[in-house]
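Next up: a single chain in structure tokens, the form predicted on its own.
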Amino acid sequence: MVLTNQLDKLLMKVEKPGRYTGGEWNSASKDLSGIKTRFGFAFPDTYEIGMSYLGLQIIYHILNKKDSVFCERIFAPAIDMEELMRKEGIPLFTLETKSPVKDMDILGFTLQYELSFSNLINMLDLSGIPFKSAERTKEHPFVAAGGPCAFNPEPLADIVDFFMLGDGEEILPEVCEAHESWKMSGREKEEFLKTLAQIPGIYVPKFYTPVYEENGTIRSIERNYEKAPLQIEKRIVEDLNTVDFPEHCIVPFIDTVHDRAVIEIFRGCTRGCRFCQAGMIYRPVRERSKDKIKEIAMSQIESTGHEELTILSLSTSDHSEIEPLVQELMGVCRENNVSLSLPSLRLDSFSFKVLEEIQGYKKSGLTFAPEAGTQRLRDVINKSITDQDIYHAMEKAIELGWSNIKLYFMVGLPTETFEDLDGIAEIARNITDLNYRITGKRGRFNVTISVSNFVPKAHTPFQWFPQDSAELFHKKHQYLKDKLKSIKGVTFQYHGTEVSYMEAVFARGDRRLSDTLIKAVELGCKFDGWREHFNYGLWIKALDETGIDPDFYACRVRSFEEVLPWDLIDSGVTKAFLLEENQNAVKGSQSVDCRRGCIGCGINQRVNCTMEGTL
């Protein structure tokens, strides 16, 4: 069944119908008669956000290369479209064939942020698929999930049939091959899940049962299928140069958040910021070679017609060939009249030289992330920049003509005091004074201080620390607001406390939260990552009605002996290393970048760390 005719009647009534039409340049089209596995790649947010996610392009490309697999895209419809679909009784559909989602064999969600969990459940509802895996039959698709939030999969354990941990390039084709064999065999659904449980990197929650202490902590996690692994090791692609990367990316018909050609230049990070989950779970660093990146860039520009090219990684400047790479890409871009953007640069002399050449007289703004206001706290979080680094970079920026500077900080970091907040205000004041000394005027120069709230994440050295209470966050925000308002030319922005609180609940939650998530969606929660849609009152009601104390998850110190809900998941970084780094943080002791020598995180026991000791 396809829903094209029914959908056509709705498109003239909704905002941005291009979100729902499909058929974009380079999108896939296949004869369904030869397809053994229909895979629905689901992004739990709108088209514009999902189409800006590089992982979608990678997985879409990898799966559609297989003749027996058809990967189709599914996005959360915007509020206006959802209302019409529910009114007309139209289920959620795929973009490629306008098929109902329940016709897919596997429905795979990517979990990029915790507050998208409600959209996942709402999309199941729109698809007519029961929320809980135990309620679904052989007539329903398998519901899968991956992405960084899958590293603590437990809040969705009753909802998702299986999770995929680590790099998708290897694991997804294996899942589809196993599915094809299972489908041919005609065996029961349970048999497929048992097969998956033995594929490295697959976690099937139903094969594990947590046992709780009276105080609510976990006593143990018991296996109820003897062949299920004791630990689930994430999958790692060792050499990025040997895996396919999309060169013919889908080109949207409408504006998306990032409408550009994009290349991942390396995966992982060597710096070891202790709050950063991505820096831990994507280890080790694996680089794509300069020549390979250039080859992909030329092909993407030719096949997409994009007017902008960007290179992505967690810390762009750390690529071992960054200078010749950028110089050669600038040449490619000039020849093709394409602009080049370089996010996540360290503000050193080379970066300024490049930025000056790219931005010229049109200086849009400069961002920098000191994260903490004092050297003491930067040592605690292992952020390897000094006051001198900050002021030297700002001096250079002002000399070259930048007049809009944005600095990112976090509040609520472990061991933080109000003196650390004073440090944020001092940095802002010193930068405005620096501008006055260099230019002789204050004029339109602006420093924006943007503050987010610390959320303790699984698989980081800070996973045992509590989040600040809402009251303390409010107090700290107000303190900074008062400090900064007297500094001319400084703008202050901060993230909502309630949003960060709910994020912390699910970031360290367990499977007892599955019912809370379902209840929240039944009450009307959706698009919770959007400020205008987040409804804290509904979340509190859902927590109350399911008997959950959110402080238990967000604001409680975890002991080092406590069994953590995500202990089954092996990110490759050992718990002993995380513990040691936690203690180094308390002592204010920094650990070196592992390019300067191995610091024993454990990942080199699994794969070769090619960047180890290269500085």
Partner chain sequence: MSRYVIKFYKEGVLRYISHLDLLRLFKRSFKREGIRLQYSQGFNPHPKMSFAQPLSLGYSSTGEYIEFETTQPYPPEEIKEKMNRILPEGMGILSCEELPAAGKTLAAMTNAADYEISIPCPEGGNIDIIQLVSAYLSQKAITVLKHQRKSGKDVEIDMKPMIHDFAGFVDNNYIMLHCRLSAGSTANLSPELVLSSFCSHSRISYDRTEVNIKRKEIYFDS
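The structure presented is a predicted model; accordingly, all values stated were derived computationally and were not measured. Residue numbers count along the first chain shown, from 1.
Separately, the form predicted in complex with the partner chain exists; it is not shown, and the next lines address it.
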Go through Pro130, Pro200, Gly401, Gly305 and name the one with a heavy atom inside 4.5 Å of the partner chain in the predicted bound form. Gly305
Answer for Gln327 alone: is it within 4.5 Å of the partner chain in the predicted bound form, judged on heavy atom distances? no
Is Ala278 close enough to touch the partner chain in the predicted bound form, meaning at least one heavy atom pair within 4.5 Å? no
Answer with yes or no whether Ser181 is in contact with the partner chain in the predicted bound form, where contact means some heavy atom within 4.5 Å. no
With a cut-off of 4.5 Å between heavy atoms, is Ile599 one of the residues that contacts the partner chain in the predicted bound form? no
Which of 248-256, 417-425, 226-234, 536-544 has heavy atoms within 4.5 Å of the partner chain in the predicted bound form? 248-256
